[in-house]
Ligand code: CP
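The chain below stands alone and is given in structure tokens; this is the form predicted on its own.
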Amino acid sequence: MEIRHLTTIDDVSNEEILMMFDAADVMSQHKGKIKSKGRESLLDICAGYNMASLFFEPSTRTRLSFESAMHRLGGDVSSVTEAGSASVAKGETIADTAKIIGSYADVIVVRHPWEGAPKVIADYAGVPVINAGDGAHQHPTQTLTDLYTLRKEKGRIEGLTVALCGDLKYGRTVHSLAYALARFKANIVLISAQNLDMPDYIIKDLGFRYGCHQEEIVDVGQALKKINSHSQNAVRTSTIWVLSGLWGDFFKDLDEIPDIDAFYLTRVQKERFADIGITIEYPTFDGKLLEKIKADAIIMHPLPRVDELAYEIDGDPRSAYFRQAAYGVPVRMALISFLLSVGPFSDFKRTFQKPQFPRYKNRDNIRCGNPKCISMQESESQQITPEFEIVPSDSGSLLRCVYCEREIECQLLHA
């Protein structure tokens, strides 16, 4: 059977996502409890399986929710929680680490600061690999949790208007989520803090791949009119409104907040700044702002929070972020079951094929250019070479790195 991975949100179809959500609904109700090893386990469908939990960056929620998910399924967990305790600290390549860990475990969960590292592990491990966050690239299991939260809290995903707020440049959760929302035909409001805009290549890609209508909005008053008008007309095409650098003004200058169904807040990812001394204007979402949003809107956050989310609103029913974190366990239980083809997915026929693009024959020795990409790391250069796909765009063909998915414009000298 073909090994399936989740290194980006593109590795699963919408149909598969919804099937996992149905399974998560059942698992969250603690159905099917049986005794195992002298204790009560939820399903025991992963009894005899071992999950390797490799976290080379700090994590609390993601790591513990994965380990809780595997334990509740009756499986075992082997953990590495810092790079210094792994052989990579001695100079071992990621590819070699993957080969070794793949012989010990049945599924691997990995978080790594290098973008594209989970893909390399998937290429060499020989077992399913799950990306638990790679640099500023993607965080697909958080995206599954976010989509599940929207479905549980709002009853649907299609047609919702979701505002992604704050650090959209380095916030990997919003990168994955933007793609998923576009696929499910939701509307997206990108409200970035100054100099922390959503990467341009992502915005262009969303328009080309999913046909999203895109509008630049230069002031918050314009946003109020355009978003409310779109909602009242019940337009069914997905729209992306881009409010570059207006996060500081959005709540300050508006007495009425537009017709937005969910606000997805992010913290400033200071650990990814080249200049760690930079100061960013970043408002706090507090009780006064909560009064401005509509009565059935929800507040989401991948957590941890810093100063962008006031403690005073925690008790409001519209504050969904702690429920969102809790949803991560059943969602990850369903994902593990799906990738291991056990339980509700034991007879599932896998027909989905991830979209493939022609590979570029890199005779010109083009490099990615992203310093955080795994293909740019000297320690990996003997086994990992720069590779690119030729992807169409509205301005012609571009090259996309197969590891970090950054796109570069260049004249294609060779097909």
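One-based numbering along the sequence shown. No experiment lies behind these values; they were computed from the predicted model shown.
The form predicted together with this ligand exists for this protein as well; it is not shown, and the discussion that follows is about that form.
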Only one of 195-203, 238-246, 134-142, 156-164 has heavy atoms within 4.5 Å of this ligand in the model of the complex; I'd like to know which. 134-142
Listed residue that, although this ligand is not shown, lies within 4.5 Å of it in the model of the complex (heavy atoms), from Pro317, Pro304, Gly211, Gly91: Pro304
Contact with this ligand in the model of the complex, heavy atom within 4.5 Å, among Pro358, Pro355, Gly48, Pro58 goes to Pro58
Are any of the heavy atoms in Thr62 no more than 4.5 Å from a heavy atom of this ligand in the model of the complex? yes
Even though this ligand is not shown here, does Arg111 get within 4.5 Å of it in the model of the complex, heavy atoms only? yes
